[in-house]
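The data below hold one chain only, encoded as C-alpha cells and taken in the form predicted on its own.
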C-alpha cells in the first residue's frame, strides 16, 4: 500500500541512509589524514614544577613529570645535577620507563633500549630520547625545550 501524502518516499529514505553512511565513512578516512597534516597537540616551551618534589632525589633516581600531554622523565645524575627527557620513544612515540636494576630506559612496544643518558643502544629506536634543559629558580624547578631560555 502506498501513502500519497508521505514526507519521505522509500527511495528518499534509503538514499538518505546510504548518504549518511557514506558521509560517516568519508569522515572516518579523512580525519586521520587531517590530524596527521595539522596535529592537534602543541608541545609546551617550558614546565614549572615545585622544586620540593624533586629535591630529595638520590643520584640515579628517576621521577616522572607532565610535559604537556606527554610524560617527562627527570633523572638525578651522579654529580647531583638533573637531566630531563621527554619520556616517549623516538621510534613510534610509545611511553618509555626507567629500569632501575639495569640503569636503562626501556620501550616495551618494540623492545627499544636507551642508556642512562638517553642514547639509543638496542632495538628499533632511530634516535636518542629528546633532552630538555633544567634550572632551579628559587622554589621553582623549570624544565624547558633546548634553546627556549628563561621567559622575561
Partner chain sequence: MKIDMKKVGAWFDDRLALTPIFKYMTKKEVPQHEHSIWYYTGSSILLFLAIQIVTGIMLALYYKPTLEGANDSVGRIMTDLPLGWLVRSIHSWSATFMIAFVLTHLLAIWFTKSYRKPREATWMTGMMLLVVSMVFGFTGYLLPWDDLSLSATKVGTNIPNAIPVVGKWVTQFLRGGDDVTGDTLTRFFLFHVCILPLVIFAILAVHILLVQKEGMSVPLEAEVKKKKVPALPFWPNFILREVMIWLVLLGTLLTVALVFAPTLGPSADMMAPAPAGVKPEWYFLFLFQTLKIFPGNMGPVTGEFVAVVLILVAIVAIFFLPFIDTKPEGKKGRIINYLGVLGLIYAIVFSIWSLL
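In this text the structure is predicted, and so the values were computed from the model without any measurement. Residue numbers count along the first chain shown, from 1.
Just so you know, the form predicted in complex with its partner chain exists too; it's not on screen, but the next bit is about it.
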Heavy atom within 4.5 Å of its partner chain in the predicted bound form, from candidates 39, 60, 56, 32, belongs to 39
Which one, 69, 119, 50, 26, lies within 4.5 Å of its partner chain in the predicted bound form by heavy atoms?
69
Non-hydrogen atom contact residue 92 with its partner chain in the predicted bound form at 4.5 angstroms
yes
Heavy atoms within 4.5 Å of its partner chain in the predicted bound form: does residue 100 have any?
no
Residue 111, heavy atom within 4.5 angstroms of its partner chain in the predicted bound form:
yes
Does the 4.5 Å heavy atom contact test between residue 45 and its partner chain in the predicted bound form come out positive?
no
Residues of 120-138 having any heavy atom within 4.5 Å of its partner chain in the predicted bound form, listed in sequence order:
123, 124, 125, 126
